[in-house]
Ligand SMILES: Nc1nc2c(c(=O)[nH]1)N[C@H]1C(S)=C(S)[C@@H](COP(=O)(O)O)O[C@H]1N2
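As structure tokens, one chain now follows by itself in the form predicted alone.
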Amino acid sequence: MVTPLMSQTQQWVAEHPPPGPFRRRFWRSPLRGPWLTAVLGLVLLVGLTIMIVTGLLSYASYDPTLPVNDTTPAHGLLGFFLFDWPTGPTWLYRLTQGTHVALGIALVPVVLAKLWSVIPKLFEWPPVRSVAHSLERLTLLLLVGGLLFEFVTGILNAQLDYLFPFFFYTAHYYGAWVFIGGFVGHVLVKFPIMVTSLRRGPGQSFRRTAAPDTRPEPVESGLVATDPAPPTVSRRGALGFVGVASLVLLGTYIGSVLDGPLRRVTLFGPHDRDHGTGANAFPVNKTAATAGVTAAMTGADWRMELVGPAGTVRLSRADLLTLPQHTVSLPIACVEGWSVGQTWTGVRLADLVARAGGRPTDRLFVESMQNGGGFGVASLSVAQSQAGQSLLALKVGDEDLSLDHGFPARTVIPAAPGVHCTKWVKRLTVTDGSA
């Protein structure tokens, strides 16, 4: 019965009963409640913050202020955090991007559990009750939508499954800012509630309560079931299941980030990883065939153009081998999260800059033969062009590069994303580092 004391909203709800999932009695799990949601939320607060930071660092590592490196035009204020990406420590990008992808995969069970724990809130009735409530719902929409978009596209990219009709790099970056906006707004609204719920606890002994004795949390909340079903698992069991699932996913991927025996048991790493034998038996994202590079293009007639203030010089692989050779140990680390450490031998890029008449303050523009006459390109910073460990690599280990790994020559850059380690180099152009 509607009384005069009821608000207009209460009257409307009473007069318009909601359909199925919008009814609180529809959601019957006795596990749902503020405490369980707060525990999962705390894990995600820490984990997603790390992912946000490492994701933004990944964008900065591409040196997007340099020509051709930025595929997100007009980023404007969104680039406020950019800085000159360093060339050391050499494992820097391997650490940041490996953490970003591995943590993202490990958090999938936690994300799903958190969405399960709050799903009654997604079906609140009426959907909007006030201006403040509408703003909270908006942050929730940005948070959930952005989170799902980032996780789905990120995991597909890590698996090299480009099922989406857009360029991953651009969409993932702009999608990240949508998610960050929703994340920050939601944390500001919910943080006090999370702290209160964690302090209050689940209302029963967490360690001792078995599944048959599990009861709904003794608080009034839109998450607590009004007509609970018999429990089939305890809260401890549910959190344990989520934790084990996260560790299993992490274990099936972490070998892609680390060298050693774990790489052999990686089940969730990129497919088509090994293309070669001996020193060339390590992952590759794009094969020579995929890039349109043939053995004929890299044969005896191949010449690399070195362009600079002193003019243009065309160097064969034999010419490059007569120049002073240097050997460095550097990882190749890709945006998909996988990485591998290798020993490379070749000519220092700084020596090639000097040979072309460049100065220590100049940098390089690198062009590849990939895509059958089209060019894969990358702009290197002054620090990358002049670093003592930056090479035009001719060998990996004690062997010549294989065709899939960039024969006859590729660049290797310390602490840089793999996309800056250009394969099948066709031209190096010295440019003014102050430009």
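Start at 1 with the first residue shown and count on from there. Being a predicted model, the structure only gives us computed values, none of them experimental.
The same protein also exists as the form predicted together with the named molecule; that form is not shown, yet it is the one meant from here on.
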| property | result |
| --- | --- |
| Contact residue in the model of the complex, chosen from Pro408, Gly33, Gly376, Pro64 - any heavy atom within 4.5 Å of the named molecule | Gly376 |
| Close approach of Gly175 to the named molecule in the model of the complex, 4.5 Å, heavy atom | no |
| Partner contact for Ser246 in the model of the complex: the named molecule, 4.5 angstroms, heavy atom | no |
| His133: touches the named molecule in the model of the complex, heavy atom cutoff 4.5 angstroms | no |
| Any non-hydrogen atom of Thr214 within 4.5 angstroms of the named molecule in the model of the complex | no |
| Residue stretch of 280-288, 238-246, 297-305, 103-111 approaching the named molecule in the model of the complex, non-hydrogen atom distance within 4.5 Å | 280-288 |
| Stretch 332-349 - residues with a heavy atom within 4.5 Å of the named molecule in the model of the complex | Ile332, Cys334, Trp338 |
